[in-house]
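The chain that follows stands alone, in the form predicted on its own, written as structure tokens.
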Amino acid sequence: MTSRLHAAGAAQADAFAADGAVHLRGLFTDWIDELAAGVAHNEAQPSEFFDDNGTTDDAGRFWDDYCNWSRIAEFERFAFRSGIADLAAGLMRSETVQLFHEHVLVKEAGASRQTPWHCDAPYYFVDCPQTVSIWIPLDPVPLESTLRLIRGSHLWEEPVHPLDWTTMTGFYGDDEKTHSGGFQPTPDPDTQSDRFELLEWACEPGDAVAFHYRTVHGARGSSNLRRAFSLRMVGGDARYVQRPGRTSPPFTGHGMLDGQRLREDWFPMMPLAGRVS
């Protein structure tokens, strides 16, 4: 399969650095069937991390799963053959790109459950300036059900308090109202529209929304099927960070210590077409 992808240009990298997210049109159109087959495989053979996010009584489920790239061939081929690492390197302005994990998120038609406002960094055991998630819809996504991001939130001094998506309580067993833990309370841009500028784009299959791990984002429910594949990558400055408890993904037994680079046998380096300038 021939990739139509090229490394991110300077304007895209500048926008990513300033806003924390960019919308890239039509880069992965040739990979939609491959990724859709991988999502079907994932649903038929879910991992231990599969979660329906408490939506079993809804008209449509909102389910997600992750860390399956090494057992689902379609995901592995995409990660290492699509050229997505060159895009990531350009956006992060990194000489290297390391695969962290992939994440599948599916809102079936009629799924009313929202994706709560959050940023990914506090759930992870890695943090650094050079991070990127590349979210790729496999179905048309209208504005009312698309990914919503708070512009510039990746530059906030404190990340947003992480919540458990099912219980909506503190992810690390704390309470954002009584124990900050270095986190700030979850914002509500819908009732505080004067405080936040949102980035949200209607998307076609094969588009991509790239965003930083610290960028605060969420999404409404969906009246139509909305399958999305997200690949999470880090750059050369990525280091392990000890969190207050079990992270998501948990990656138990890794043996890494604070300040160490991620072990390459678990988090492989990704091939690049050429040196990043």
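Treat the numbers as computed from the prediction; the structure is a model and nothing was measured. For every residue, the number given is its place in the sequence shown, counted from 1.
The form predicted in complex with a small molecule exists for this protein as well; it is not shown, and the discussion that follows is about that form.
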| request: Identify which of Arg232, Arg239, His41, Arg214 has a heavy atom within 4.5 Å of the small molecule in the model of the complex; exactly one of them does. | output: Arg232
| query | the small molecule isn't shown here, but in the model of the complex which of Ile150, Ala89, Leu99, Leu147 has a heavy atom within 4.5 Å of it? | reply | Leu147
| task | Work out which of the listed stretches, 218 to 226, 25 to 33, 44 to 52, 243 to 251, brings a heavy atom within 4.5 angstroms of the small molecule in the model of the complex. | result | 218 to 226
| Taking 4.5 angstroms as the cut-off for heavy atoms, does Arg93 touch the small molecule in the model of the complex? | no
| said: Can you tell me whether Trp165 touches the small molecule? I mean in the model of the complex, with a 4.5 angstroms heavy atom cut-off. | reply: yes
| Would His118 count as touching the small molecule in the model of the complex under a 4.5 Å heavy atom rule? | yes
| message | Can you tell me if Trp135 lies within 4.5 angstroms of the small molecule in the model of the complex, counting non-hydrogen atoms only? | response | yes
